[in-house]
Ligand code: PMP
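Next comes just one chain, in structure tokens: the form predicted alone.
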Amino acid sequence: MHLSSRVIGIPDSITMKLNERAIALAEEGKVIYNLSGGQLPIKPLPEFVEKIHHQLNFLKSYQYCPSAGFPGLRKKLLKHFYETRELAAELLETSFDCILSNGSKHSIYEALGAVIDPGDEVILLAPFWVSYPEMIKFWGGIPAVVKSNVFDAFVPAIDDIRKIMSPRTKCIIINSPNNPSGVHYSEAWMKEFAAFLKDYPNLVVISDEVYSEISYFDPKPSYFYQYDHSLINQTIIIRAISKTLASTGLRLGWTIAPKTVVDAMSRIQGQTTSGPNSLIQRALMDFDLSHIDSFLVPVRNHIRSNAATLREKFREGNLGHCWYQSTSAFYFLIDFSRTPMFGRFDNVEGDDHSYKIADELLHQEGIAVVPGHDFGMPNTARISLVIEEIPFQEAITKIIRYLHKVS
């Protein structure tokens, strides 16, 4: 059967693909250190699980919800947002709304569909999450990429954003804390970005804040609209329970945006998936969101510990020049181009060898990583910092050994 041109060009999600391959090899009995995962390997908060269990007793937990989600939960999440971001309740309650979707990926997809037309440019800050470009292209948009490098801890320069602006630029996606770099943009950067936005009042900002509560070095993440509250009017905020409640499989994300955008997203959702999981919504409606911070304390401590292991292993292996300080989320981006191993690719055709390197790491060392090409960073790979301490130490030791192989 002939497939549409729209889907023929869509690649598989490399993060999902690598994780599946690593799991398959482990099931064959091979020792695999899976550093490809984008989820916490722990159960959700017990209080949240109990709320889910309680809601199993009610008929509404099994029935359709409104397209945009249950109104009570939407109001609760909006209130929680303006309280934690110290924004004016009056502004958000009168001009803003919240829509719940089937995970943050679904939320971003619908937000793009609500604001971009074919031919519109959407600025991405590399490294970026792998699905952004494909979502943009699916709606007929054109990704425009601003690059960064390890010397700046993969934080892009505001001047470089300004240089890429064009009459066709409609939107920019900000992902802080960042997947895959594991850093969040500083207060100084956010203030400079806020000043930049004053020159572009029609530029739509999608602020992907899924990892906003997972930071393990102060100062904590902050956002441009907190330094100039008027900028919230051109901002679409994306949140989810996937990371903060260790609930990736429950598929519940939400968008906070001007009511016109939420109404548009609701129409898209109503004609495609309808509303998200009623059971999980009802459980979250009855859940005290203040529990999240205490739940994440041991998570942050564990990630910080593994980040320290990474730093020491790189220094011991004379690769300190390839290291930068990760601060949030639970990732680190290895730049292969500055390691001894990379000399093997000097005469190999092509500008990116991250897939080949990731394949070698998996089959030679039993280490699963995610190639950086699809994150907009050729010759790099993302590793996850969430596995247990001893296996993580063993995995990094193997990676260091591989990075020194010159033949």
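Throughout, we count residues from 1 along the sequence that is shown. The structure displayed is predicted, hence computed values, not measured ones.
Beyond the structure shown, there is the form predicted together with the ligand, which is absent from this document and is the topic of what follows.
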One residue of 113, 275, 141, 103 in contact with the ligand, assessed in the model of the complex (non-hydrogen atom, 4.5 angstroms): 103
Heavy atom within 4.5 Å of the ligand in the model of the complex - the one residue of 336, 216, 211, 323 that qualifies: 211
Answer range among 119-127, 309-317, 144-152, 202-210 for contact with the ligand, defined in the model of the complex as heavy atoms within 4.5 Å: 202-210
Contact at 52, 244 and 287 by the ligand in the model of the complex, all three, heavy atom at most 4.5 Å: no
Residue 132, heavy atom within 4.5 angstroms of the ligand in the model of the complex: yes
Proximity of residue 179 to the ligand in the model of the complex, heavy atoms at 4.5 Å: yes
In the model of the complex, residue 108 touching the ligand (heavy atom, 4.5 Å): yes
Residue 175, heavy atom within 4.5 angstroms of the ligand in the model of the complex: yes
